[in-house]
Structure formats: C-alpha cells, structure tokens
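The data below hold one chain only, encoded as structure tokens and taken in the form predicted on its own.
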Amino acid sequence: MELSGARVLVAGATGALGGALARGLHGAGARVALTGRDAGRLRALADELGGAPTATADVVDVAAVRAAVEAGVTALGGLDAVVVAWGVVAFGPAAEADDAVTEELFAVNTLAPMSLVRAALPHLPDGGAVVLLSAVVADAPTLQMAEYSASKAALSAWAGVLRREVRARGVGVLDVRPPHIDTGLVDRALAGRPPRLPPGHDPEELVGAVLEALRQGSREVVLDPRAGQLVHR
C-alpha cells in the first residue's frame, strides 16, 4: 500500500498506541480519520494532526461504532485502510476471574474490533487493508492473564480466517502481535495486579513496523526473539 494519500480510519486513537499510529500514518502522508471514546483527547489529537475528522464512539455501542465508520468514510471520501487499536487488560488467576471483567475484556478486545471491521469492509477497495492489534499472548498465553490472552487469541484467529476470506478481493489483513509495549496500559487494568513483565518496547518501534508492514503487504508483525525486535512478514 502507498501510504501517502491513503485514507485511513484509526479506531482507538485516544489510546497510547492508537494515537502513535495515527501520528505515524499522518507523518507518512496518509489522510486519517479518528475515533475514540474520550472526546477531549480526540479533539486534541485532531488539532495536532491538522484538523483530522473525528467521531466519538464507545466501543461496546455497536450502532455508534458503525456510525463512526460511516462518518470517516464521508469525511475522507472513502477508505483505503482501517486500523483498530482498542484494548483493555486484567490480571489474576483464571479460577478467580470476575465474569463482568471477562465480558468486558472480550467486548473491547474481540467483539468490538470484529464489528468495526465488518462495517468498514464494504468501503475498502481492492488492495485495501485491515490492521488489528492483538498481542504476543495470542501465541503464548500468560499466567495471571488467561482471559486477556484468550480475548487476543480469539481476535488473532478471526483475523487469520478473515484474511483468507477476503484474499480474492485483494484486501490485506495485518495481525499485529507485539510483546509488552510501554504504554501504561497495565496501570489501567480492569482488575488485579500485573505479574512480573519484561521491559516494555518503545511504541515508536511498533509504529515503524506497522507502517512498513502496510507498505509491503505483510500478514503479521511479531517479535523476533533472536533479534529482540519487531519484524513483519
């Protein structure tokens, strides 16, 4: 994908990773539309990016999510790509997990991204792209993070099937499965205290890997354990 001039909807733009990705895409010449839950932070980011169009939406409100997609399509005159950077986390033993917390994890991390992508797909042209942020725990479920791991593994599995189903249209599906990124998400957990985690990677490393993966039409962004850095393939 040629990023310069590409029309990209960034969902979760008020989060650390979503905001970083929106800035990176804007810096690469893309035209971005932003959606997120925090109207004030959304406006601030939009101003930073030269007046990018915005739509406020709560991820668990399906109608609002679909309206945000339509608003982005209208504002940009179409879509070439959609980036979904929603995410929440919780910690604790699997046998003691709160049902309401588990439900929210799956609503935000799994069901909402699916809903937004389904709304966006009819607007994507041949050669368009979907970017989904799952996590390394999709491949390596982690102790004290069973429900979070399961929600991200479900999203990753869905992305893999979707990729095969839309291949004939030439639409790419990029599954981004990074390790722990230093965003402060663990400090905003829905429940519990985080286990001992490795040092967080720089969010800018993730942004660079995602942008290059989009340019190359890659399927995934993952950590290369030998090199200790993110790679796309």
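Note that residue numbering begins at 1 and tracks the sequence as displayed. Not measured: the values here are computed from a predicted model.
Just so it is clear, the following notes concern the form predicted together with a small molecule, a form of the same protein that is not shown.
Just to be sure I understand the contacts: of V207, A52, A57, V166, which is the one whose heavy atoms reach within 4.5 angstroms of the small molecule in the predicted bound form? It is A57.
P179: heavy atom within 4.5 Å of the small molecule in the predicted bound form? Yes.
Is there a heavy atom of A146 lying 4.5 Å or less from a heavy atom of the small molecule in the predicted bound form? A146: no contact with the small molecule in the predicted bound form.
Answer for V83 alone: is it within 4.5 Å of the small molecule in the predicted bound form, judged on heavy atom distances? Heavy-atom contact with the small molecule at 4.5 Å: absent for V83.
Check A135 for me: does it contact the small molecule in the predicted bound form (non-hydrogen atoms, 4.5 angstroms)? A135: yes, in contact with the small molecule in the predicted bound form.
Heavy atoms within 4.5 Å of the small molecule in the predicted bound form: which stretch among 66-74, 36-44, 166-174, 22-30? Comparing against the small molecule in the predicted bound form, the contact stretch is 36-44.
All three of L121, G128 and L214 touching the small molecule in the predicted bound form at 4.5 Å, heavy atom to heavy atom? None of them does, since no heavy atom lies within 4.5 Å of the partner.
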